[in-house]
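Before any questions on binding or motion, here is one chain by itself as structure tokens, the form predicted on its own.
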């Protein structure tokens, strides 16, 4: 069992908050055997598959998972430029990628992952409308946030970034990267502590940030101060 009974009860309660149906794309390296079973060999793939299927089980039909293999579904992997696994993609109704988890969402990564699923289903926190009102002031942006499963500050930061990506409907894309699974990327971006966020490959945000901080960053200090209080 992945979870204790108390954890299962809590997860079921959180999954019951999903507003609309969510379909996630999971990319692994599975190879289909002669008996139609699937064998996954990549670090974290099997655990990620099991975790997502538990969430499906607890979602009362609101969450579905589509699994693709970079070995057997190369066209789909090429379409979304998936080169690292496991990869969990949140894709909108038009087939556009909104969020990518280059991570196995366990430990401290688990709760923000649940938050991201909730937001993607249509759940909106109080500051979502303020993001919408500022979209015209935000340039198209790609953001990467580096995290670890033991980071104490990441659970409060990741959902801020993923909500911006969801609300922006394509203007902002977000990738959540586990530095333990992707040490080469951590080295490339000179990540020395987490959370570490990279904006459009050129700007960095070190440590935690609030919705207000991120809005200031993306609007280049031109946000409306009539709302969005901490």
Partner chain sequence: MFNIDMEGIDLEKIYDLIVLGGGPTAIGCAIYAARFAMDVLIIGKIFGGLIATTHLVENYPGITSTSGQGLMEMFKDHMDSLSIPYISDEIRSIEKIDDYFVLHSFFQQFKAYTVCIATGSERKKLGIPGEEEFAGRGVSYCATCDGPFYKDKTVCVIGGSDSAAKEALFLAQNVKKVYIIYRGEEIRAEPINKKRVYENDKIEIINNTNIVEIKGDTKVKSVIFESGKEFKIDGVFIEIGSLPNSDLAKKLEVETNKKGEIKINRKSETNVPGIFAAGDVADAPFKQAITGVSEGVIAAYSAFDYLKQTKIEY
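Residue numbers count along the first chain shown, from 1. The structure displayed is predicted, hence computed values, not measured ones.
Only in words, not in the display: the form predicted in complex with its partner chain, which the text now covers.
*Asks:* Report yes if any heavy atom of residue 215 sits within 4.5 Å of a heavy atom of its partner chain in the model of the complex; otherwise report no.
*Replies:* It does: once its partner chain is placed as it appears in the model of the complex, residue 215 has a heavy atom within 4.5 Å of it.
*Asks:* Is there a heavy atom of residue 156 lying 4.5 Å or less from a heavy atom of its partner chain in the model of the complex?
*Replies:* Although its partner chain is absent here, residue 156 would touch it in the model of the complex, with heavy atoms inside 4.5 Å.
*Asks:* Find out whether any non-hydrogen atom of residue 193 is located within 4.5 angstroms of its partner chain in the model of the complex, and reply yes or no.
*Replies:* Contact check for residue 193: yes, within 4.5 Å of its partner chain in the model of the complex.
*Asks:* Does its partner chain come within 4.5 Å of any heavy atom of residue 119 in the model of the complex?
*Replies:* Although its partner chain is absent here, residue 119 would touch it in the model of the complex, with heavy atoms inside 4.5 Å.
*Asks:* Answer with one of 179, 51, 26, 70: the residue that has a non-hydrogen atom within 4.5 Å of its partner chain in the model of the complex.
*Replies:* Residue within 4.5 Å of the partner: 179.
*Asks:* So which of 98, 111, 77, 138 gets a non-hydrogen atom within 4.5 Å of its partner chain in the model of the complex?
*Replies:* Of 98, 111, 77, 138, the residue with a heavy atom within 4.5 Å of its partner chain in the model of the complex is 111.
*Asks:* Would all three of 115, 130 and 208 be in contact with its partner chain in the model of the complex, where contact means some heavy atom lies within 4.5 Å?
*Replies:* Yes, because 115, 130 and 208 each have a heavy atom that approaches its partner chain to within 4.5 Å in the model of the complex.
*Asks:* Only one of 35-43, 184-192, 59-67, 165-173 has heavy atoms within 4.5 Å of its partner chain in the model of the complex; I'd like to know which.
*Replies:* After filtering at 4.5 Å, what remains is 184-192.
*Asks:* Can you name the residues of 14-30 that have a non-hydrogen atom within 4.5 angstroms of its partner chain in the model of the complex?
*Replies:* Read in sequence order, the residues that approach its partner chain (within 4.5 Å, in the model of the complex) are 14, 17.
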